[in-house]
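So this first bit is one chain, no partners, the form predicted on its own, shown in structure tokens.
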């Protein structure tokens, strides 16, 4: 919960765009460092959040200690708005992150005052639902190659204007825990994609170029 993390004490001066000004005025600006927890599973859902920069991962720890990453929340994404009183997942920063925290109790007032923000919340809610449904299908029915192709196409759309080149904010261990694969399988599949000419991969493994989108889309289908 916001009050239980050191991030709550660091109010950031975030450069604003016209689309963010009214929203920022209604919320509290926060910064988090890599690996810092925003909220934990079971915390009171007193706030919901919007990512200004960086990436947040939401996850659950399974009974055997494994981690299942539910989603990656990127710039512009709104998340943490729960139906019940508690957060169902934990959330932490993938790298350095800036977010805006909004009091859930002020939601009605915020959307009444700002029609554009109301529309953004509605769009975000529908997108989160669609991504959750797609993720359920991905985990249950797709091969490792299909999973990674789907993931790369989604990241390209969300991280890059031209959707041809992008830098992944997360590590391969995060990708593995999101796709229900091992790190070795993720690395092996990325190598296969590179050798087949589907992608271009830098030695560090974070910078991705999509060389054959049609082939990736055929796997995604």
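All of these numbers come straight from a predicted model, not from anything done at the bench. Positions refer to the first chain, counted from 1.
The same protein also has a form predicted together with a further copy of the same chain, omitted here; what follows describes it.
Enquirer: Please pick, from 168, 51, 152, 176, the one residue with any non-hydrogen atom lying within 4.5 angstroms of a further copy of the same chain in the predicted complex.
Expert: By the 4.5 Å criterion, the partner-contacting residue is 176.
Enquirer: Determine whether any heavy atom of residue 145 comes within 4.5 Å of a heavy atom of a further copy of the same chain in the predicted complex, and answer yes or no.
Expert: So residue 145 does not count as contacting a further copy of the same chain.
Enquirer: Heavy atoms within 4.5 Å of a further copy of the same chain in the predicted complex: does residue 68 have any?
Expert: Residue 68: contacts a further copy of the same chain in the predicted complex.
Enquirer: Is the gap between residue 82 and a further copy of the same chain in the predicted complex 4.5 Å or less for some heavy atom pair?
Expert: Although a further copy of the same chain is absent here, residue 82 would touch it in the predicted complex, with heavy atoms inside 4.5 Å.
Enquirer: Is residue 105 a contact residue for a further copy of the same chain in the predicted complex, using a 4.5 Å heavy atom cut-off?
Expert: Residue 105: no, not in contact with a further copy of the same chain in the predicted complex.
Enquirer: If contact means any heavy atom within 4.5 Å, which of 188-196, 59-67, 31-39, 154-162 contacts a further copy of the same chain in the predicted complex?
Expert: In the other structure, the partner sits against 59-67.
Enquirer: Just give me the residues of 103-132, first to last, that have a heavy atom within 4.5 Å of a further copy of the same chain in the predicted complex.
Expert: Going through 103-132 in order - heavy atoms within 4.5 Å of a further copy of the same chain in the predicted complex - the hits are 111, 112, 118, 121, 122, 123, 125, 126, 128, 129, 130, 132.
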